[in-house]
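There is one chain below, alone, in C-alpha cells, taken in the form predicted alone.
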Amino acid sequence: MRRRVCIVGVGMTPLKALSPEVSYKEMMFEVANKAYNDCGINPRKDVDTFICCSEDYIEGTSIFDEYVPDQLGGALKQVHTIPSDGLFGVCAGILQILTGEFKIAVIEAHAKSSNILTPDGVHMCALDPIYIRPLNVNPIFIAGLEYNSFLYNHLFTKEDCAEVVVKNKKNALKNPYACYGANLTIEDVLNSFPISYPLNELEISSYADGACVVVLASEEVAKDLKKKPIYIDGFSFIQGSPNLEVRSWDFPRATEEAGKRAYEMAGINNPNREIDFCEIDDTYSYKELQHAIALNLNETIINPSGGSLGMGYIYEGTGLMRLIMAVLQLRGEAGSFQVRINNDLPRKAVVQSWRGIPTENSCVLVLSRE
C-alpha cells in the first residue's frame, strides 16, 4: 500500500495591514503553539524535522534561518530553510516523510510586509541582472504586460477580471482571518487608480502581516493524533523559467503541468466534477482566471476564503495560507465562510500557489478528508 502523508495541525494569525505590536518571532511562536495544540504534539519530543520558508532579501537579514529554530521549538533539531512559497516547503516535508525516516514535519512561513521600506527594490533583485533589471521595470509593470497578453489571447474581458476582485473581497468579509474585505462593484474596480495598463489598483493583492504553521505526519502517526487527518492525495511542483523572454506570458504552463501530475497521483480524471472547491493564487485579478483554466477548475467554487485579494498577500506565507483555509473547509471549521456541497462538508479540494513575477514557480496539492 502506498505510504500517505496527512495534515494534522494548522495555526495562523489573522492578517493585518500593520502589526507594530508584535515581532515576527512573536507571530511565529503564536502560530506554532496553535498548530501544536491543534494536533496535540510536543515539538521538542515529537517533531522530526522543521522547515521555514523565508527569503533573506524579504527578511532584511542574511542567513535568516539562524533566527528560526527557537520560536518553533526546533532548537538543536533538524531545521532547514526554503526560500520559496510555503507550499514548496510542504512538498519538501512530504518528501521527507515519504522516505520513512521522518514521522512528523513542521512547515512555517510568515511576513512582516509592513517592515519592508522598499518592496519594489527587493522585487527588482529577482529580475535578470543583465537584460531586464537595467530597464528599470518592476514586476507590477510586467504584470500589466502579462495581463494585456492574457486578454488578447483568451476570451476574457476586463469586466471578467474585475468580477474576480468583487467576488474575493466579498468572500473575505465573512472570513475573520482577512483584512481587505469589501463590498465593491465591477465599476469600482474598473475605475480604481490605473497602475500598469490594463492593471488597476484594486486588481493587485495588498500586502499584509501574518504567519502560518502546518504540521504534517505519516498516515500511521496521524491516526493517533488529536484531529481527524486531512490527506494529501497528490502533489507536484514545477519551477519553470525565471527568464521572461523564454516563457509564455498569457498562460501559466507550469501550473498546468503541476496540476496534471498532482491529479494523476490523486487519481483525479475530471477536476471540475471531482473537486468541490479550490484555493488558488490570485496575486493579480487575471491570475485567478489563468490558474483556474490551467487546473481545469473553472466550474468549481474558487477562493471561498477571499484569496489574497481579500485576505492579503504575505509573501512566502501566501501558499501556506491558502492551504490552511482549505484544511479548515474540509474539517468543517471554516465558520462563517464554510462551503457546503449538497448540505454536506466538501470532500476534495485543490490548493495552488505561484511565487510571483518573474518566476513560473507553481505548486499544486490535492486534498481529501477521507
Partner chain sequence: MEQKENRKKEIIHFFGQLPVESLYTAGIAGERFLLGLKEGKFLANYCPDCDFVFLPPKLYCEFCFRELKEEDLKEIENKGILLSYTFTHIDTNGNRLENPIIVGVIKMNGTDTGFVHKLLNKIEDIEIGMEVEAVFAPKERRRGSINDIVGFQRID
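Numbering follows the first chain given and starts at 1. Note that the structure is a prediction, hence the values are computed from the model and not measured.
Although not depicted, the form predicted together with the partner chain is the subject of the following passage.
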Heavy atom within 4.5 Å of the partner chain in the predicted complex, from candidates Met265, Ile195, Leu184, Val79, belongs to Ile195
Taking the partner chain as it sits in the predicted complex, is Leu190 near enough to touch it, meaning that at least one heavy atom pair lies within 4.5 angstroms?
no
Problem set entry | Asp224: touches the partner chain in the predicted complex, heavy atom cutoff 4.5 angstroms | no
Is there a non-hydrogen atom of Glu299 within 4.5 angstroms of a non-hydrogen atom of the partner chain in the predicted complex? no
Close approach of Thr99 to the partner chain in the predicted complex, 4.5 Å, heavy atom = no
Which of 317-325, 300-308, 36-44, 59-67 lies within 4.5 Å of the partner chain in the predicted complex, heavy atoms considered? The stretch 59-67
Across 280-310, the residues having a non-hydrogen atom within 4.5 Å of the partner chain in the predicted complex turn out to be none
